[in-house]
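First, one chain by itself in structure tokens, the form predicted alone.
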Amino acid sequence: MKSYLAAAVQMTSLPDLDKNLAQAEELIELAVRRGAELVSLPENFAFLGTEEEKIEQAGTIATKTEKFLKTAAQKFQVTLVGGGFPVPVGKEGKVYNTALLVGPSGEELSRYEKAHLFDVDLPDGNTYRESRTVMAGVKLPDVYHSEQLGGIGLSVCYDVRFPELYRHLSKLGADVLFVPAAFTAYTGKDHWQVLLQARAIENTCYAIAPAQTGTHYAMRQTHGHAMIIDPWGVILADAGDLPGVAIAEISPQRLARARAQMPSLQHRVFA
């Protein structure tokens, strides 16, 4: 594993697939121009509209989005994380909320289907029932081991509240934990940063969290603050509340130092 720059993209995606993909490409190019070799896009980067619109267009969204990720990775010669985005599930009328890791040659390196679904009634009046249109993934994410970029583990948004998933990735040798998200504005202001820091600290891994920000449609508002956090819990980059990119160095020396200073993973008593 070498030292390199990683980027967490922040977007305000809309119910417009083509416009969103165009914005994503611009932000990938911006990150690459700034030296990033590993670039991540947030949950719902390709489409953020009503559940009905998402299901109606799911087949098109899935096809165009996978093609986009593979084409963009090749075009910019970069490793890309994209997701989640909807991928239809058989004849169930539902989708998997899917995250992909794609290599610079356009090859799929890893795929994860979001396991924890956001079914919550918030005090701000918003109600979320992700399970109404999304099928929960049943497989734990794997870790892709890159000689250059380290061990890469995927998750999606609400997963961040379930530390056992990240401990699983850590036990598989993860160095970098991805949390692409569309975190609600209401919960984000109190929970987003501290949850990401906790996942980074307790697993002595980098946490990279691309995010949605702003108003997308009707009452749907997201928190923003795409960020990169080091294994000691230090925030290395924060994109604020506007579209853009957060970029920081991923350092194997910093990983080794944090793990030596706090060797908690070696002190586990329970599996």
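Note that residue numbering follows the sequence shown and begins at 1. Bear in mind the structure is a predicted one, so any value in this text is a computation, not a measurement.
Below: the form predicted in complex with a small molecule, not depicted.
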Please identify the residue among T98, T184, T79, S170 with any heavy atom within 4.5 Å of the small molecule in the predicted complex.
T184
What is the one choice in R111, K94, R161, H145 with a heavy atom within 4.5 Å of the small molecule in the predicted complex?
R161
Interface segment, criterion being heavy atoms within 4.5 Å of the small molecule in the predicted complex, picked from 233-241, 203-211, 56-64, 41-49:
41-49
Check for me: heavy atom within 4.5 Å of the small molecule in the predicted complex, for each of E25, I28 and F68, yes or no.
no
Residue-level contact is defined here as any heavy atom of the residue lying within 4.5 Å of the small molecule in the predicted complex; does L177 satisfy this criterion?
no
Contact between Y166 and the small molecule in the predicted complex at 4.5 Å, heavy atoms?
no
Mark C157 yes when one of its heavy atoms lies within 4.5 Å of a heavy atom of the small molecule in the predicted complex, and no otherwise.
yes
